[in-house]
Structure formats: C-alpha cells, structure tokens
Ligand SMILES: Cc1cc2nc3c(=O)[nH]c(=O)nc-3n(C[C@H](O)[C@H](O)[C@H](O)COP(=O)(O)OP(=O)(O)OC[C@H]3O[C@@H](n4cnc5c(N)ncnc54)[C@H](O)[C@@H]3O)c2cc1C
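Below you will find one chain, with nothing else, as structure tokens; this is the form predicted on its own, and questions on how it binds or moves follow later.
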Amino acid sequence: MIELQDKKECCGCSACANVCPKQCITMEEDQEGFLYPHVDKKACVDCGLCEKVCPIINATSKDSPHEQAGYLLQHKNERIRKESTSGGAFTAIATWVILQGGIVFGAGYRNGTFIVEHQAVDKVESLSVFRNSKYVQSVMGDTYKQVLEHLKQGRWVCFSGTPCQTEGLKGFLRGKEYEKLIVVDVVCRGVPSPSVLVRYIEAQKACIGGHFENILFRDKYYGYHYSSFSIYNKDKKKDYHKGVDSNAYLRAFFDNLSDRPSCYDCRFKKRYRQSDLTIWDCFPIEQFTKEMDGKGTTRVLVQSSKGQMIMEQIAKDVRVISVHPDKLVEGVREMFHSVPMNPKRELFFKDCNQMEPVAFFRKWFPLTLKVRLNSYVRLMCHNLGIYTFAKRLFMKFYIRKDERVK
C-alpha cells in the first residue's frame, strides 16, 4: 500500500492509481495544488501493485550506460517550427506514428480551459495542442490505462512526458516491452504547481481584461533566444508578451519557488534513460554548427534501436546533424541536477493561498527599476540583432566573476 511519509517521495505520475485493481487509489489535490495518491484502506486488498509500479520507490541512482546517438534537429516546416518550443522534433515523431495508424499521448490544454492534462491525438492536424512547452504539471488521469489498451489493440503508440511520467508508464507496464510503443521524455527542470498558474491567470484577467484565447509559456514572439510568456487575447490590443526577466509566473519558476517537492530531489536526473528518445532545447546552436539558423533547434538523444529507427523514418521532414552524445549533453545541468529549493517557498505558497491574486504577484515579483531596465536592455539587444552575442558575453563574464568569488 502506498503510504507517503514525505511529499518528496511522490512525483504525481498516477501510476499507482492506474494500476490499482480495486480502483481504491484516487489522486487528490493538496494545498499547494499538486496531486497525491489517497488510498481507501477499506477497499485495499494489499496486492502491492501500487508499490511495484511506483517510479520513485523503484528508482535507482545508478546510471546504466547503453549505446546512444546524438542529433540536432529542425523541422523543415517553418510554421511548425515557429509554433514549437525549439525545433519541432516531437511533431515530426508524432506525425510518423499517426501516419502508421497510431495514436499520440502528450500534455495539452483541456478543451476550453487552461488546465494542462495528458490527452490523446490521432490526427496530424490536431498535434498543435502539444506544441510549446507547458510550465506546469499535467494531470495524468487514466492515460497509462489508455496507452496499454491501444497497445493491446496492436496500434503504434507514442507517449511523451517528463522523465518521472515516462518511468511511471514503464513501471505501469511492469517491464513488458511493446514493439509499437515509442516513449519520448523531455529534459525537465521541474514542474510548477497548477494552482499557481490558476492564480496567475486570475491576476492577469483582472489586469488585462478581455477574453484569453491562448497562453504560451515559451512563445517565439521576440525570437527563440528571448522567448516570452504570451497571452493572446480576443481583443488583439490586449495581447501580452513578457520575457523571463519581467513575467511573474516565469520568475516564480526560475526562482525555484513553485515546483513540486519531489523536483528538489529528482530521482530521474540522468543521461541514460528508459525512453526511446530524449529531447530538449539547443540555444547555443553556433557552438555545434553553422549549417543551422537560430530560430529553434531540438537536441535529440537516441536511447534505443527504436529511437534510431524513428530518426531514420522522419529524415525527409527534418534537417538533422549528427553530434557525439558526449558533446550533446555537456553542460546540460537540467539533465543531471535537481534545482535547489528556495528557502522562501513555504511563505510563497502561504501567500498564494491567502492573498488576492494581483496583490500576491505584485508583492513577490514587483516591477522594480532594475527589472524594467533588465527587460529594456534585453529587448534593445533583440531589436539590434545582438541578443545571442550579448547573452553569451554576459554569461562568460558572469561565470568568470563567479569563479573569482570562489
């Protein structure tokens, strides 16, 4: 029986709820907005399946090497690449699966809402729901059960998610390999609370007004290297675009205030993963090649022979360059290290639950002169076409200064 003593011991993947034969485990929201398993002990028969499939209980710190291949990828369809967080790799993978008569599972907005949940798509034109990163933990529901049902029907299935979600699926399948299952994990910094997003949207509606048609966490409105949190309004004059330097929701995320407790001690930070393909951003494209532009590139780490097969199958739809895996993962902190918990996190959530939304975000993330100046300089560098150069120069100076301090 799943019994949590510490919330860091649950990543919220819902594998336990999906596998329970008596359906006596439900995922219930805590005061921070995260889902945790609740067991109806009267209905539980102590079969132990929930513990057998739990990715955290069964996690190992050992990173077991296996053969890998590395690539840089850009989708040839420029509209798809612009709509994507980076280079459009997942759309290319998912399109191939659907064209084989398959089905794709990923994180998208629930119809008519800004609630992020895992859902299924089996039409190429519907894949746009998965584009652009969702900086919030998705609701899994009975996704693992659905995946298994389609696999039993003999269909190709592609499942994408964070490393804990993909290992949750693997645990749910209990070690059985399926020839037609393609698992794609995304290198993850951490997953913010859905309730913080709800409060942020409430605050923005009060400030902006109108009707929100879409919210993008990593929009390329200003370009790939200076992505923005964008709110698209029915009244276009009320559209909102702010970078990580001035957007309150992104500042909470990058200040390590809003993540799930398990993210501060993530058990899945490793190079060799149980997925077929691992994908993530490639901002410093110029450090790898001059053959690709800076409008969005995906790094792809192939983890299996199926993953390599997929790369060969999608070759006609993408521009791709081979990169040694060692070089591909070098310096990618999010792949190997958990973020540190902000010491003010407890107070942050206390205020989030008690304060009126606009006042809450203004208290925690005021638009000071320093913040405004930072935002102005970034936009100016972007408009002058020197943003990438300036950012690289700043980071070089910052790292050297940091080393002197040490």
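What you see is a predicted model; the values in this text were computed from it and never measured. Numbers for residues come from their place in the sequence shown, where the first is 1.
Just so it is clear, the following notes concern the form predicted in complex with this ligand, a form of the same protein that is not shown.
- D245 falls outside the set of residues with a heavy atom inside 4.5 Å of this ligand in the predicted complex.
- Taking the partner from the other structure, this ligand in the predicted complex has a heavy atom within 4.5 Å of a heavy atom of N132.
- None of the heavy atoms of Y249 is located within 4.5 Å of this ligand in the predicted complex.
- Although the partner is absent here, D317 lies well away from this ligand in the predicted complex, with no heavy atom inside 4.5 Å.
- Within 4.5 Å of this ligand in the predicted complex, a heavy atom is found for all three of V136, Q165 and W280.
- Out of the listed residues I310, M292, V187, V323, V187 is the one that sits within 4.5 Å of this ligand in the predicted complex by at least one heavy atom.
- Contact annotation: of the candidates S258, S227, S84, Q303, the single residue with a non-hydrogen atom within 4.5 angstroms of this ligand in the predicted complex is S84.
- Considering this ligand in the predicted complex, the lone stretch of 227-235, 101-109, 194-202, 148-156 in range is 101-109 [heavy atom distance within 4.5 Å].
- Residues G87, G88, A89, F90, T91 of 87-104 are found to place at least one heavy atom within 4.5 Å of this ligand in the predicted complex.
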